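Only one chain comes next, encoded as C-alpha cells, the form predicted alone.
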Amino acid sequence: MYKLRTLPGDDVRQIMWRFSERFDFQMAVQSARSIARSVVAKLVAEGARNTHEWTEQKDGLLTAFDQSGLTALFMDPHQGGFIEGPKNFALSLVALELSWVDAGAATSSLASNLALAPIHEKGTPEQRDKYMSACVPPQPGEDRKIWRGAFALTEPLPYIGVDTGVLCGKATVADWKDGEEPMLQIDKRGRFITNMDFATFVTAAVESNDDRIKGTFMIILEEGDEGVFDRGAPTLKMVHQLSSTRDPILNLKVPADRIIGGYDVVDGVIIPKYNHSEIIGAVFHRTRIPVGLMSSAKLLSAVEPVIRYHRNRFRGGDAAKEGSPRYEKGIQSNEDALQRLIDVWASGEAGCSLAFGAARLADDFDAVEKAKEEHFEAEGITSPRKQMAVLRKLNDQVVELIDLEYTPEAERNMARYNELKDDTLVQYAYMEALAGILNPGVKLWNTGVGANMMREAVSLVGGYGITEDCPGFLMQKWTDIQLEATYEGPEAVQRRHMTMTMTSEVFQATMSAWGRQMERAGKEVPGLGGYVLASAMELWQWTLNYLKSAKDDDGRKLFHNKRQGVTFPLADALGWLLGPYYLSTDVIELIEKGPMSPTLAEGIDDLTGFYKDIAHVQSARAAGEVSRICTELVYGFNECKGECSRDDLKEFQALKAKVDMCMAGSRNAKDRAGNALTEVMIPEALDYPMG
C-alpha cells in the first residue's frame, strides 16, 4: 500500500505534460496563476458574475492580463510577444490556470487570440504584423491604444451552433474605381460575440451578395470604418459572466484588402484566396483544445475543496470529539465519498492528458503544415482535391511510419524511420489524421463527460455545493461547463467531425499501434491498466469494421453518414478511449523521469503507484462504456428471433469477454486510490477567496 503525501504540484505536471525544460512556459503558468488566484478570484467572490453587463470592475481583468504578459502570449517576439514558434501548448496552460478559478476569465484572456487566429493562420504577412502588433500592450514611451478583437462567425439568426456553412453576413461592392482598391459594403449581425464591449476590430465571416465577389470569406472590420459599428445588446447568458458577450450589428464600408489572406481579380470578379470554411477549419483545428481543457481543469480544481469539506464536515459538533475518527476524517470515513472523488479526479487527469497531448501535436503540426503548403506551392499543386489525391497515394508509407513510431526503439529500423520522419508529406498525412481525431475528441469528451463529472463534484459537498460561497466556486464551474460544451461547435459538430476521420486507414493504423503499445504496457507496467485499455481498443475497431459492412433487418447499411444513431455513439466510444490512453502515456513518462527529479525522487514509488491506479480506474471506466456502446450497436439493429444466438458474432463475443476479464484488479485500484485520499496533506485553506 502506498501513501499519497501531497496533492500533485508543478514538479509532477511539468514531467507528465512534457514542459519541464521550457522556462518560458513555466513563467506563463506563474503569471496566469497569479492573476487567477488574486484578481479573478476576488471578482467572483465579490459577486461580479451577477450581472450581464461589462462593468468597470470586470474591465480590470484586461489591465491585469496586459500587465502580466498574458495579452502578448499569442504574438511572436518581433510582434511584441515573448515565445518563439507555435503557442498552442502555452495557451492551453494559461487556459487551465485561469479556469482553475473561473472559465469566463479564461475566455476573456483567450477571445482576442481567437479573433486574431484567422489572421494568424491565413492572413497576409502585412495583415499578421499589423493586427498582432497592435494587440500587444504599448511599451514605455509608446503613445497608442491597445487593440482588442472579436470573432464573429454566427450562423443564421436567431439560432446559432447549427451549421457553420450557412452565414448571415453579406458582402457587396460599394465602390470600385479603376486602378483603386475596391470598397466593400459588409452587413453583419452577430450573436453571442465575445469581447464586443471593448473590441476595436472584428474578424467576420460573410458571403457574397454581389456577382462581382465570389463565395464566402472572412474580413477585418474596424471600429473607425464608415458606417454602423453597433456593439449591440448584452447577451443574457447565465454563465461565463467574467467575459463580455453581446449581439452586435455591423454595417460598414471597408477596403477589399481587409479580406483575410488577400484576393485575386479574375474577369472583373473579386476571388478571395480562402473561403470562410478553410479559415475556420484551420482555426478550430487548434482553438478547440483550450476550451476542452477549461472543463477538465475544473475537475482537478475540485479535488482539494472537496477533501477539505469532507474532513471538516463534523467538526464543531458535540458528536465529533477532537482525535476521534469522525473529527479527523469526517465524511472521508465513508468509502463512497472517497471513490466518487477518485472518479472525478481520474476524469480530470484523463481530460488534461488528452488536451495537452493534442496541444503538443498542434505545435508540432504547425511547422509540418507550413512545409506541406510550401512543397505543394512549389509543385504547382494548389487545389485541395489534387493535394488530397497526392497524399492518399502515400498511405502505405504513412502506415509504415506509424508502425515504426510505436515500435520499441531497440527493435526499430532507425534508418527507415528517420527517412520517413524527414518526408514532409508523410509526416503531414499522419499528423493531420491524428489531429482530426484529437481536436474534436478533446472538445467532445472533456466538456460532455466533464459536465457530468462536475455535477458529481458539486454533489459531494451537499447543499453547500449550490451556494455562492461554496469552496472552489463549484456551482459556478458546473454551470460554466454547459456553455463550454457549445463553444466552437456543440457535441453534434464534434461527433460529425470524428466520424469523418475515424474510418481513415491512417487513423486505424494509429489505433492498432496504440493497442499494441498498451498491450506492452500491461506487461511492463503492472497495475497501469494497459490490458483493459488495449482490449477495449480492439473491441472498438472490430465493431467499426463490422458496422461498415453490416445491414439492419430492412437491408439498410448501418454505417452511413445519415445514420447518426450508429456513427455518433461510435464517436462517443472513441472519445472514451482517448483520455485514458494519453493519461497512461503520461504516467509512463512520470515513472521514467520522476526519479531524476530532486523534489520527487524520495516519494516517487508512492506517487507513481497512485497515478497507475488513477489510470487503471479511468481505463476500466472507458472499457465499460466502450463495451456497452459496441454491444448496443452490434446487436441492436436486428430483431431477436428464437434464442437470439448469433453464430456470426462469435469473434465479437470473444473480444467482449476479453474486455470483461481484463477488468481484473480495477476495483482494487479504486480502493487503493480512495484510501490514499484519507492521508494526503492539503493546505489549511484554499489559496484564493471563497466568499
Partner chain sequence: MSSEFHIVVCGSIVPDPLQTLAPVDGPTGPTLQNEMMLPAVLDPWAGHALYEAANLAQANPGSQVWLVSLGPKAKLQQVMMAVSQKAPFQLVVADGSSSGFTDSFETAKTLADTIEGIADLDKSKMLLFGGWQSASRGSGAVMQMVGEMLGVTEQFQGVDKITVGDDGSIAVMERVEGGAYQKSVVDGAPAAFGWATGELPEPPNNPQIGMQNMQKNMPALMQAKPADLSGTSLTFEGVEVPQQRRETRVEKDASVDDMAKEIVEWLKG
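Residue numbers count along the first chain shown, from 1. Remember, it's a predicted structure, so these values are computed and weren't measured experimentally.
Omitted from view is the form predicted together with its partner chain, to which the following refers.
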Among Gln67, Asn638, Thr631, Gln653, which has any heavy atom within 4.5 Å of its partner chain in the predicted complex?
-> Gln67
Answer key, its partner chain contact in the predicted complex at 4.5 Å (heavy atoms) among Ser324, Asn561, Thr599, Asn452: the residue is Thr599
Going by a heavy atom distance of 4.5 Å, is Gly489 a contact of its partner chain in the predicted complex?
-> no
Interface membership of Phe82, its partner chain in the predicted complex, 4.5 Å heavy atom rule = yes
Can any non-hydrogen atom of Met1 be found within 4.5 angstroms of its partner chain in the predicted complex?
-> no
Tell me, yes or no, whether Asp671 is in contact with its partner chain in the predicted complex, where a contact means a heavy atom of each within 4.5 Å.
-> no
Option from 579-587, 616-624, 74-82, 535-543 whose residues, in the predicted complex, bring a heavy atom within 4.5 Å of its partner chain = 74-82
Residues in 664-687 that come within 4.5 Å of its partner chain in the predicted complex by at least one heavy atom, in order, are Met681, Ile682, Pro683, Glu684, Ala685, Leu686, Asp687
